[in-house]
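Below, in structure tokens: the form predicted alone, a single chain.
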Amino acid sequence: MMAESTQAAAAPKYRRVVLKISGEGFVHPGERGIAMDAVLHIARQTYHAAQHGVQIAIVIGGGNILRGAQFSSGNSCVHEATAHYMGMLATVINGLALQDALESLGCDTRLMTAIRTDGVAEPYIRRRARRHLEKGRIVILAGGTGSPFVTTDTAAAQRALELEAEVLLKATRVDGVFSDDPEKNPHAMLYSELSYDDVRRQNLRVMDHEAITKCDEYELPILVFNFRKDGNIEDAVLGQRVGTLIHE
């Protein structure tokens, strides 16, 4: 009980964060579609993190529903740009699921999209998004950047810079950044800290090159951690040692 009270009273390290969650966070490992118990797991962690007063914006992927790469083969009749727009719509579906999960816990939320979906969400406007954050609302950002050929990792870096977040939290299914794929190599080494140059030089698969370059240029730190472990999102915003910190 005492530990819980101390955690509840702890001040967050960061005032404002952008949390990037890929589509795999919305489904059980190896499955497709949406599993609401998986969505609720993310929602509960986010709720607990928000209780510390940190402002949270969430950029979401859509790979659990559709990946544009599946249409990139030469025998597909779907244009690659069209496939990317389809992927953007998949992120909106995930956003709606996460919004309802958060609101079922009592969170005040706003879903904002980079493509117009006026019937279900607000258009993304930077000043409006900042105002929502300042009012304590959890802002869910769907639709990537609204342009094809741009990943949601890059969208997360872009939004973090626009909203003046202090850190980009990259939620993943492993404990951080490893020297090799830990799901294939049990001897892979987990890094506690890396520089942006380390990531590029070792070709570590953290985020795409454009996202890493944006964060490097503006000295925005990236914290990569395992979202499947209870409490990790809360620990991340409190500044606890979780995952891998990438910084200058």
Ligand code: UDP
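A residue's number is simply how far along the shown sequence it sits, counting from 1. Worth saying up front: this structure is predicted, and the values here are computed from it rather than measured.
Beyond the structure shown, there is the form predicted in complex with ligand UDP, which is absent from this document and is the topic of what follows.
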Open item on the list: What I'd like checked is whether L168, S192 and G243 together line ligand UDP in the predicted bound form, meaning each has a non-hydrogen atom within 4.5 Å of it.
Closed with: no
- [ ] Flag G146 as yes or no: does it have a non-hydrogen atom within 4.5 angstroms of any non-hydrogen atom of ligand UDP in the predicted bound form?
- [x] yes
Task: Partner proximity in the predicted bound form: M88 to ligand UDP, non-hydrogen atom cutoff 4.5 Å - done: yes
Open item on the list: So, V39 and ligand UDP: in the predicted bound form, are they within 4.5 Å at any heavy atom pair?
Closed with: no
TODO: May I ask you to check whether H84 falls inside a 4.5 Å heavy atom distance of ligand UDP in the predicted bound form?
DONE: yes
- [ ] Report the residue, out of V174, I93, L161, V150, that has at least one non-hydrogen atom within 4.5 angstroms of ligand UDP in the predicted bound form.
- [x] V150
Open item on the list: Can you work out which of V206, V27, L66, V54 has a heavy atom no more than 4.5 Å from ligand UDP in the predicted bound form?
Closed with: L66
Open item on the list: Tell me which stretch of 96 to 104, 137 to 145, 174 to 182, 123 to 131 has a heavy atom within 4.5 angstroms of ligand UDP in the predicted bound form.
Closed with: 137 to 145
